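There is one chain below, alone, in structure tokens, taken in the form predicted on its own.
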């Protein structure tokens, strides 16, 4: 595309999974849409995460969205003409002590009171049936059947391809420099020229708070660098995706035998320079956790480790919904739990724009929760 003024029905700021999904759904609804991305599509958290597709352990306000998103994942090929590497496998959370198991039971009772039955408690024998390689001291856990995982890189590229095929325009290497509203039209100045549209969607991830500030809204986003590592190829020994109640752990084995280890250990993010710095002490702690729960990992070679820049909000849940400024919408702040929600969040934002409402409960995600009398 050439420089100069470009007009559309909607401008989406941010070319990660949520931005591409939003653009795709908007275009399917008949809106001419431009995505403007400061780097390249999927540069940050969208391609650097663990790829979990889970309902297990969700924050309570996210559960209806996670349930709806899972249904979308089971039909992902219909949406983007690609399976995105999605595979069904149960998700588990292991308890190492009776007190941890009791905490999981309490969690299940809370969900049952809200009408959700997907999280099930398992005893030690059932745990060993699902995880024969688990350490002997583990006493039970929680399992959700029907969840799974997908390939983050393949997924974001599939959404990009489908959006382009539908006619979405995508500008890469185009950081947004300013956003202003004039005569009901958003004026967006980017490094690749001027854009204008009556609808603006902020899907800027760790930079979402900065875009919100351009609209006069407050969202205290902290940039984080969640780290992951992958092992050499091993003989198959685990099928579920595994977490732990008392430790930070996300653990899965791929079809090629490699094992992905994560769970929330952080490096240091530099959003202004696009850099993440790994903390090898934290990585060592993560590796040790995996080896404690799966003793056969002791002595296994680690092949690669990395971290992506993600945006975290103080209450641990994202911003999703309409801005207080008419014609603007937000979807950002998904640190550590946004990948699975991508397909459904895109639909939610498109529904808000086209129909004025969503069929899913999103009140808890309103950006107004961070407002104060001083901020206002």
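Numbering follows the first chain given and starts at 1. All of these numbers come straight from a predicted model, not from anything done at the bench.
The form predicted together with a small molecule is left out here; the points below concern that form.
Looking at 322-330, 38-46, 347-355, 64-72, the stretch with residues near the small molecule in the predicted bound form, meaning non-hydrogen atoms within 4.5 angstroms, turns out to be 38-46. The candidate spot formed by 174, 204 and 340 lies fully in contact with the small molecule in the predicted bound form, as each residue has a heavy atom within 4.5 Å of it.
Residue contact check for residue 27: none of its heavy atoms lie within 4.5 Å of the small molecule in the predicted bound form. At least one heavy atom of residue 50 is located within 4.5 Å of the small molecule in the predicted bound form. Residue 55 falls outside the set of residues with a heavy atom inside 4.5 Å of the small molecule in the predicted bound form. Within this chain, residue 17 lines the site of the small molecule in the predicted bound form, having a heavy atom no more than 4.5 Å away.
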